[in-house]
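One chain follows as structure tokens, the form predicted alone.
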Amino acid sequence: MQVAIVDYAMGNLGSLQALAARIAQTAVIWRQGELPHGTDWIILPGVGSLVNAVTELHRRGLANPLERAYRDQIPILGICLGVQLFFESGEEGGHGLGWLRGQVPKLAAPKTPHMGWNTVAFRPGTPLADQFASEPAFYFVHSYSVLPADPEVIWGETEYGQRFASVVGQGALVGAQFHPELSGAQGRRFIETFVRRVVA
């Protein structure tokens, strides 16, 4: 299958391309214009601010094609800032893509960014949960988190100063606050499970 990795100058593209190759996916970099022909699923990565991300997506002509892909239910995996873009607005200012209702507040923690390994408690009965019997550790780097209006979209949670949603999902839309591409074997398992359960 083919995955389009969105490039708006705010993501870790090399690591994502390498991970895609390891799970036998053909990765293409999507820098502007329409969705590359033959795309089966999309990775929306990102590191930085919500305001700059949305501005750059519009500047590169990616925002409207992404919206069409979402409407057409092409599976989209949001990573770090990518999952924050799913929501309506952020505490730091600016608006996301508004695909899920909710906000992006700053983490209520003694020290930010939240950087390093931490565990995710997957909610039983959600599509990825049965692949993670215990609470696996993933690599995080972020100062903001998502606060969904609908708790049903929360598929996994993490503790850091507060309990926050670290995995969300609804239909063909799945987001991770951590970086699967930097999380070793567990990160690879996460993306492989997403491909099997959501894409395929």
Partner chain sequence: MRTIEVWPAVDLLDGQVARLHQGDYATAHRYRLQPIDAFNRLLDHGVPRLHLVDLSGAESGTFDAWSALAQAVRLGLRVEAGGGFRTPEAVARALAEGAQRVVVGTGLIESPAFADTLLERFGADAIVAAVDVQDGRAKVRGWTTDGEDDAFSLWERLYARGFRRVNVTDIQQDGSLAGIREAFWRAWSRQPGECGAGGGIRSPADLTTLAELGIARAVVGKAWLEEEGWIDLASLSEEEL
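If you're wondering where the values come from, they're calculated on a predicted model, not measured in any experiment. Numbering follows the first chain given and starts at 1.
The same protein has a further form, the form predicted together with the partner chain, not shown here; the description that follows concerns it.
Not one of Gln2, Ile74 and Ala172 places a heavy atom within 4.5 Å of the partner chain in the predicted complex. In plain terms, the part of the chain that comes close to the partner chain in the predicted complex, with a heavy atom within 4.5 Å, is 133 to 141 out of 146 to 154, 162 to 170, 62 to 70, 133 to 141. For the chain shown alone, Val28 is not a contact residue for the partner chain in the predicted complex, no non-hydrogen atom being within 4.5 angstroms. Interface membership of Gly11, defined by any non-hydrogen atom within 4.5 Å of the partner chain in the predicted complex, is confirmed.
None of the heavy atoms of Val51 is located within 4.5 Å of the partner chain in the predicted complex. Contact check for Met115: a non-hydrogen atom falls within 4.5 Å of the partner chain in the predicted complex. Taking the partner chain as it sits in the predicted complex, the stretch 38 to 61 comes within 4.5 angstroms of it through a non-hydrogen atom at just one residue, Val47.
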